[in-house]
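Here's a solo chain for you in structure tokens, the form predicted on its own.
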Amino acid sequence: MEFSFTEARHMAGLATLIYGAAALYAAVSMLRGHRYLRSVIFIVISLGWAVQTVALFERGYEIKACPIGNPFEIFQFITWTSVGLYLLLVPFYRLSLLGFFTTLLVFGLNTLSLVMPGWDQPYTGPRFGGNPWIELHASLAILSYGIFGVLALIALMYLLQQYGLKQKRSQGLFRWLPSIRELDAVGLHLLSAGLLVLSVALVVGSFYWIPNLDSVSIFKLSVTLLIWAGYLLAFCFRFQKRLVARKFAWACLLLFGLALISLWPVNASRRPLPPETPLTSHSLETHDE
């Protein structure tokens, strides 16, 4: 059976338009010399996130699995995670302009996923052979990329604030950026959270890889480990004070860019896993649909 992905795709497109409207509202407000209302941007972004949640739920319902089976779904899942994280951060941190930068990133990545031909190829059934370990591994890995996406935004805001202070600029965008100290603290927290989630993803994946080395894509595993090692080194160097301030911010931006680029070869090298046969139920062994 071949599923129709049209409805979920349309919902994702609607969510993208809502994110774009939020970014436009914030940009127009700042161009007029006013700080945009955080409550308005929060409500609009929440609406977009709710619509995107429905889109991903519909896609997941169609394939009976987490919707991360092609580049379109992966990008949608990353942006959905980033927006969800932003909504969680707002009550705890007064990060001015994070909503604006989040909508720009999400609108850009979502639009790219919608307009690129061939990114949303239909497929039938779970792409991981129904293996729960691999599906959980992949979901957690993409979730960590969403966290690293927000980290990249914090890093960009840090660089802009540092530039504004160095050039003694206090007008326009620079007047509303959070303090250097706050951005640095939030950046470290996000790096810790993203690294933890990605580490758990690798541990979960190892439950399948170790006993099934012949069916593992060595290239895919190597790329994932390299991304993990890059963030781990950034984390270690940050605590050793060997990677701080501007260097740390640039490292976070570079690593997120590499993580996004790695999605293409990783997805291309993905090999479908054979469906698992439950070992705990003899009655299912002979079941054939």
Partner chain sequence: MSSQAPPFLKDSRTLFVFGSSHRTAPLELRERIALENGKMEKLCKRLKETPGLDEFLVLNTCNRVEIYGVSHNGNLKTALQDSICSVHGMPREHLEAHTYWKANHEMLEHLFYLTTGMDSQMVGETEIFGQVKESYNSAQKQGTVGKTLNHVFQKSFKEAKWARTHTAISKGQVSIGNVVVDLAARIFGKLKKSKILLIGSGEVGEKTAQALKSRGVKHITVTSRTFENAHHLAHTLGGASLDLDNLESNLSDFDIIISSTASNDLLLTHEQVKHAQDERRGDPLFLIDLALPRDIDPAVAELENVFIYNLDDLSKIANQNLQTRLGDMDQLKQTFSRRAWAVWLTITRR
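Positions refer to the first chain, counted from 1. Just so we're clear, the structure is a prediction, and the values are computed from it rather than from any experiment.
Below: the form predicted in complex with its partner chain, not depicted.
- Proximity of Gln161 to its partner chain in the predicted complex falls within the 4.5 Å heavy atom cutoff.
- Heavy atoms of Ala245 reach within 4.5 Å of its partner chain in the predicted complex, making it an interface residue.
- Interface residue remark: Glu135 is not counted as part of the site for its partner chain in the predicted complex, having no heavy atom within 4.5 Å.
- Contact check for Pro71: no non-hydrogen atom falls within 4.5 Å of its partner chain in the predicted complex.
- Contact annotation: its partner chain lies within 4.5 Å of heavy atoms from the stretch 27 to 35 in the predicted complex, the single such stretch among 252 to 260, 228 to 236, 27 to 35, 54 to 62.
- This chain lacks the partner; the member of Gly108, Gly84, Gly205, Pro178 within 4.5 angstroms of its partner chain in the predicted complex by a non-hydrogen atom is Pro178.
- Shown without its partner, the chain has Glu182 as the single residue in segment 182 to 196 with a non-hydrogen atom within 4.5 angstroms of its partner chain in the predicted complex.
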